[in-house]
Every structure is written in structure tokens, then in C-alpha cells.
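Quick heads-up: it's one chain on its own, the form predicted on its own, in C-alpha cells.
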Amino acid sequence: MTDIKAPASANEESLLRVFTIPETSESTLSLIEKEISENLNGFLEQQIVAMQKPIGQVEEDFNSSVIPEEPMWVSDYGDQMLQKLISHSVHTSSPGFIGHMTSAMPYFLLPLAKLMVGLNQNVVKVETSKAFTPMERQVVGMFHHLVYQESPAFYEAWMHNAGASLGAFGSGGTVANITALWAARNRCFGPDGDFQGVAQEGMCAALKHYGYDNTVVLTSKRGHYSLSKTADILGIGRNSFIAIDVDAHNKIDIAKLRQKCTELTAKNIRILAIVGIAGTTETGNIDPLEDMASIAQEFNTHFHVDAAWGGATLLSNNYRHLLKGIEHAESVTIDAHKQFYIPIGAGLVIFKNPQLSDSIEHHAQYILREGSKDIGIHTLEGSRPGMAMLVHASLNIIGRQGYELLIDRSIEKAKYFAEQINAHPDFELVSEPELCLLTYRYVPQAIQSKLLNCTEQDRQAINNILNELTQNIQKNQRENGKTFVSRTQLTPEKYQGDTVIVFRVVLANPLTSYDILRHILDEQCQLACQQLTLLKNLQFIGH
């Protein structure tokens, strides 16, 4: 970085300078900002996923627990961060980074993010976010319309209504799921006669008053881990978070869900909520939402849909039908920082009935006064940045048609990659892509036939070796830093319950090309050939 000097002594004059907007484009801070931007652009233009430096060595750069006593030159700190932080960050926008749900972002968000940070609006209350509050309410209204498609009169009545909320912004899907089930709990065990409600008196008093022995939340085994966090936080306990088996397509088994609901009701256990998954994080599959909605109605329970990943599919007229039934949900979670391509920290929960937000309403005398339009009245988090501004920008600049193109191309890309895997003699597709996620593993052609025609003991032994092989390939590919896929564990029906480790890819990055996908398979083949001991062990099984 350029050798820029700025006063670094601990005196009032130098400190005030740090908080003062630079007067000219040639000021010290402006030049530093320009150089940092240039270095960031250089980083983002790279094709590698990460530099080859073990995490242990990176930790050595951040091993001091003592707050520095003396100030540091801004330019020196910038140099330090370029060398120690930026250069060893994961390039999540790289076209070869296809292992997680973080992707490339539109570049127009970078200057807008600076504007958002510079304005530093706190959307908990109108007094610190006068224009950001109605903008956030509009964005929530746009998402509500995306899901429920109510009439213009509905949004005119509710979008800016101080007495209710169409939903709530938060830092991500976890907060959104917690908020949805928090509202469900408070409504289920609300005030009744002398009972002040669960929010005032707690779960023990609520169960006693309503005469239930317990309460539970039901979802599939592919449900996100944030749901079990919710059961913990809401005081119903993780054992009351019940995971229902999935079918061969990683969707909740409807027959087993109905059976469990009947069983629990007979035991005097209140079903607090049924949660459908619209885009599982492991395989990208969508639960049969219409059937789940019918069961929820039958057992008089809250139906929530976790569409943190798959919710963006509603933007595509070609694939919206995959989420049929989501409009029956009483609440829906959507993550804008996934397939809406927003920076991390933008999730939403949408309430079908705006008055559901009444169940989580809270006030404070110095802010969040009754009757005010403070958004914080209906949110789990207090102080929050105006992330809705970046969502608002993308919805307007990209538009529904632009998002439709992105969604459609991602799904088509996943189908193409699945075809390449099926056509390759040494790979096995484990889960077909429904959205733009899929899973697969490396299985030498000679072993594939042996797996289906061997004893149970040999099959398990083969799968154990294949698990180690998959794990080693994924680890070595990550350490090489050129491309990245993640891994997870599944229990495919064809292997009668054996746990298999699989590669997991997410093909949402619009910059990922078909050539890169072919290169990823080639690289994995090369890495597999280096695992000579494991490959030999595979050949010996059954002989």
C-alpha cells in the first residue's frame, strides 16, 4: 500500500480527524480508501478459492489478546490487513467455489454498501431511520406479495400500518425461523382469562393452564439446525423438536408425519408447529407443502415454511410451481443473502396474517412506544443496520425477470452437472437436483457393480472405504485452493441405511461455467488416483 502518513498519536486533534469527512479526493483517508478498493477488486478478480496456508498459520497472525496501547498509522494497518486478512480470505465469489450457498454478488452493491454504512441508520426505531423504516416495510411487502400475492388493497391497508407487520427483517434464516416459531408459540399459548400468556408466565404455566402434557415442533430430518436452536430458545427443549423420516427423494414422509401427529395428539401433547422445508440445505429438495398444510389444518397447528434457500424460486414463472402450497403457510422464512445475491446479513420472516405479529409485540418507554411505526416493536433483534436498502436496490436493478433468468440458469446448470456425473464411469449421482443443489461421490466403475451384488458386510466395508476416499478428495481439493465443493452425509435407500459421505455442490453462482464443472470432475479424478492404498483396499474386498 502507498506510504501514507496520518497522525497516529493519542491526542484529541488526531482522533477528531478520524471522525471527520475528508475535504478533498487527495486526503489521506481518501487515498487509503482508493488503494484498499483497488486491492479488493484485484482479490475479487482472482479465480482461486483460497491461498494455500493452513488455518493454524493464519491464527498466528491473530494471537495477541492485548488491546494495543498506542494508535497505529491507518496506512500501516491497511498494509497489515492486506497481507494477513484479505490475502487469506476465502474467495466465495469465485466461479470454482461451488460448495456453499455463498456466491458472487452484483458489483453495484459495493458502493451502495458503503452508502449504507456511512448513513449508519438504526432501523429499530423511526428516530434513527426515518426513510429507512418505510423502505424496509416496502421490501417486506414485496416479499409478502411474492409469497401470498394479495390484492393492492391489502398492501395499502397493511404495509405501513403501525399496528401490525407483514414480517420482520433479521440477520439471516436462523433469526427468521426463531421469530416465526416465537410468534407461533405466543399465539398458541396466548392470554386466556386469568392466564397472562406464555410470554409473561412461561412454558410451565402455559402447559398447566391449557392442560397439555408437553408441546412439540415437527419437521423433516433434512430440517435446518436453526430449528432445533429455536426449540431450545423457546423453552420447549430440543427433545421436543421431532424429526420425521424422509423418503427416497429427501422429502418428508407424509404418512409418517400424519401418524406422528395422531400419536402425539392421543398422548395429550400439543403440536406447536409443523415446519416444511422449501430447499433443504443438504440436497435442495422441497417438501410436499400442500399435503403438509392440510395436515397442519387438520391438527389445528401453525404451518411454517423454511424457504431460506428455495424462496427465491418464486421469482421464476418457470419453476414457481415447485413451491406449490407455500401460500398456505402462516409464516415463511426467506434469506435474501442466498439466491437474492445480497451480502451476508439479510433474512426475513413473512406473516400471512399481519396480526400474527401482535403476539411478539414489545415496547420500551424511550423507544418502541405504543402506536409508533418503530419496526423494532415486532423484531427479535434490537439495533440493526439498514440491509433492506441493498435488497431494495437489487429488486429494482435486477428486477423479477433478471432474477428469473438467474434462477433458471442455476437449475439448468445443476441438471447439466448431474448429466455429466451420470455419464462418467467413475462417479455416482446420489441425489438428483430439484433446485440447483446436488450430491454425488467418486465410485470406481468396477466397484459400482460390486456394491449392488455383495454381502451386507462387504457393502458396508466398501462404503466405509469410499467414505474415507470422498473425505480425502474433498479435503485435498479444498487445500489446493483452485476449486471447492463441500461434503455431507446421507443414507441413500439403495444402500439400506448405510451412511455415505458425499460431495455437495451449490450451482447458484452465475459466473460458474460448464467448463469449470467439467474441470472439477477431472480434478477429483486426479485426486482419487493419488489415494492408492484406499483404491487397492477396495479391490481386495470380496476376494
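Quick note: we count residues from 1 along the sequence shown, nothing fancier. Since we're looking at a predicted model, the values are computed, not measured.
FYI, the form predicted together with a small molecule isn't displayed, but the following is about it.
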| task | Just give me the single entry in R384, K125, K413, H337 that has a non-hydrogen atom within 4.5 angstroms of the small molecule in the model of the complex. | result | H337
| request: Quick one: from M159, A104, M142, M101, grab the residue that has a heavy atom within 4.5 Å of the small molecule in the model of the complex. | output: M101
| query | So which stretch, 387-395, 243-251, 257-265, 300-308, is the one near the small molecule in the model of the complex (non-hydrogen atoms, 4.5 Å)? | reply | 300-308
| So, in the model of the complex, is S94 in contact with the small molecule at a 4.5 angstroms heavy atom limit? | no
| 4.5 angstroms heavy atom contact with the small molecule in the model of the complex for H224 | yes
| field | Partner proximity in the model of the complex: G284 to the small molecule, non-hydrogen atom cutoff 4.5 Å | value | no
| said: Whether G78 contacts the small molecule in the model of the complex should be assessed with a 4.5 Å heavy atom distance threshold; does it? | reply: no
